[in-house]
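Before any questions on how it binds or moves, here is one chain, the form predicted on its own, in structure tokens.
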């Protein structure tokens, strides 16, 4: 028996794509013609910058043909740069039920990766399917562009293909939910994207860019990110390990959410957080040459732009949460300048 995956579901995907395309054009919308032959379409579902080793790029690939012309037998995606481990093409087709939930239906065997190709062989009798493709960005793609060719084959020997891209791959790195605590895990390395205690910081002295500290008084101080080279008034009571002396430029900011940095914290209050992303261009254009080397009075949902003393890295450090017992959780985007 054929699965009840109707051709109109493909048409709905096509409709959504066309709607997006005409949103920026002043043209009268025309309803797409019904599918009369093997047809396909694709959309990119994921948003924001494409970051190496982070969230995969996600696509939906739809194929359909009239029942009188046969059934689907295979689908594949060819990436211009092979995806990293974890790249796959769903062997389940998804449709949205009346309650608005995505419902999966198994239509084939799990996908197989071979070089740049990811493929699925259908093992059910169906003439329409929408498969999702997840591309894990590899290190080889950093700072480059990647394109995709989606294709499907039907039982009558016909094939279709759909090209997507090119998509720029970010040079940024991301590290989320780093715990910092006053007087213990307080030493931050932008190069390593890590937090160290005093003992480990001493063995990585040339990489320590910031010190986290908390002081209840004066009231304007509270949580702070301070360069080791800042004046003693910004490091009250702190005795730095030997050779930790870098001067990192800092610019404190509020209201600059990046959704990738805040997404795991559902309490974030900004209604615009889900639409905001920091990308490579932001790091390229920001000028920190006249910025100080300290940022005091930090609070949850604030952040700092930073540039290391050697001019090798810029970073955006976001304060996810704070605790006035002397601790905080931070997340970081880092960009290599040279």
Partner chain sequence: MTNYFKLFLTFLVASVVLLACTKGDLPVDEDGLLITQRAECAVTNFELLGSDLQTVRSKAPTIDTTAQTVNVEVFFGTDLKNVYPQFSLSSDCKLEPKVPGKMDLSDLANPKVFTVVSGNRAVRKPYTLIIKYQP
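What you are looking at is a predicted structure, and each value in this text was computed from that prediction instead of being measured. Positions refer to the first chain, counted from 1.
Same protein, other form: the form predicted together with the partner chain, not shown, and the subject of what follows.
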Distance check, residue 294 to the partner chain in the predicted bound form, heavy atom within 4.5 Å = yes
Is there a heavy atom of residue 233 lying 4.5 Å or less from a heavy atom of the partner chain in the predicted bound form?
-> yes
Is residue 207 close enough to the partner chain in the predicted bound form to count, meaning some heavy atom within 4.5 Å?
-> no
Quick one: does residue 101 come within 4.5 Å of the partner chain in the predicted bound form, counting heavy atoms only?
-> no
Listed range touching the partner chain, judged in the predicted bound form by heavy atoms within 4.5 Å, from 193-201, 161-169, 244-252, 137-145 = 244-252
Establish, in the predicted bound form, whether 218, 221 and 299 all lie within 4.5 Å of the partner chain, using non-hydrogen atoms for the distance.
-> yes
At a 4.5 angstroms cut-off on non-hydrogen atoms, which residues of 146-169 are near the partner chain in the predicted bound form? List them in order.
-> none
